[in-house]
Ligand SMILES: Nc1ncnc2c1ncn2[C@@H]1O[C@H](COP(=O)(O)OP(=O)(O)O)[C@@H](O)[C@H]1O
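Before any questions on binding or motion, here is one chain by itself as structure tokens, the form predicted on its own.
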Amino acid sequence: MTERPLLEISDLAITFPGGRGQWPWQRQSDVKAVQGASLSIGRGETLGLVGESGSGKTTIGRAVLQFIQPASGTIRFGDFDVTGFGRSVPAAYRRAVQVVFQDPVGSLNPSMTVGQIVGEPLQLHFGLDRAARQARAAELLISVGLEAHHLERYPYEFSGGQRQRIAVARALATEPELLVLDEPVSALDVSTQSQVINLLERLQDETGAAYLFIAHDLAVVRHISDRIAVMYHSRIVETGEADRLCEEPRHPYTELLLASIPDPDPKLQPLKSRRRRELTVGGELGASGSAPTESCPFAERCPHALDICSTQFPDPFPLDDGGWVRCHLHTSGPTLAGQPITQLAVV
């Protein structure tokens, strides 16, 4: 019998109300931030959710954390029906699902010491007294590569990478089953990014926690992820095993993300530049305007677009690695029948 995923998201839709128009009585159309999103994460697995800014990936993470309420669809976590919580979120769920934000400066209270920051969830969820909190907080700091004496310092006394380690220690304090990592390394320099990624991988081996790793950099996502879901303009357009998706992409947008990754090999850079130009129809650099409801959101940028792409969003086409792709190239006209559309790979 197949083990049930730890996190299951099915046909999720999230809509934000439109703002005011030019006149007080006018109201802009609602913003469809996420449409029909489905994904799952197994215990101890890392799912990378990748896409450009405004694609809706962070919105999905916030829905999992119950910071926002979806318009429709379901989120299940173990035995929890997350979408049925309403305004009252069980403490057990808060303990089991934790988050590490992009900006450690904004997420760490500057008026609290590191000991207070890491110790706060220990008091709230486990009721530990001060001595026990300090002892456990010291253990957590050591586990993320810091020292016990750092407990008495304030966040401003640390570098960006060290502050993110503190944020990770705080998230691990409740012994969570799932960590939502929302762009956890995008604000760090490249060498520090590598250190934090290696830290997260080691901690996952030690704790068995699952990760939802949200980022815009496909190269970073591939390094840490078991599987990847690619999101564009409110829609998930492709999922699959990390290596297969990066080496044999099935969706044109996935190919564009791969072509946008800088490569140290001077022989590959001209090829990638040419592919970026080919995949950027009309000079459009990103999604704009409201996300279409019926059509494929990538149709206006796609050099392979068919007539049906502008009128109908495709159903998922299953792939050999257990993933799927939503692209009419695999189901209509001169079909690719699930075959890769490029051989560009992430090195």
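Heads up: residue numbers just count along the shown sequence, starting at 1. No experiment lies behind these values; they were computed from the predicted model shown.
Same protein, other form: the form predicted together with the ligand, not shown, and the subject of what follows.
Contact with the ligand in the predicted complex, defined as a heavy atom within 4.5 Å, holds for exactly one of Val64, Ala299, Ala37, Ala33, namely Ala33. Of the listed positions (Ser53, Gln28, Gln69, Ser310), a single one reaches within 4.5 angstroms of the ligand by any non-hydrogen atom in the predicted complex, namely Ser53. Taking the partner from elsewhere, Thr46 is found to have every heavy atom lying beyond 4.5 Å of the ligand in the predicted complex. The stretch that touches the ligand in the predicted complex, counting heavy atoms within 4.5 Å, is 55 to 63, out of 299 to 307, 37 to 45, 317 to 325, 55 to 63.
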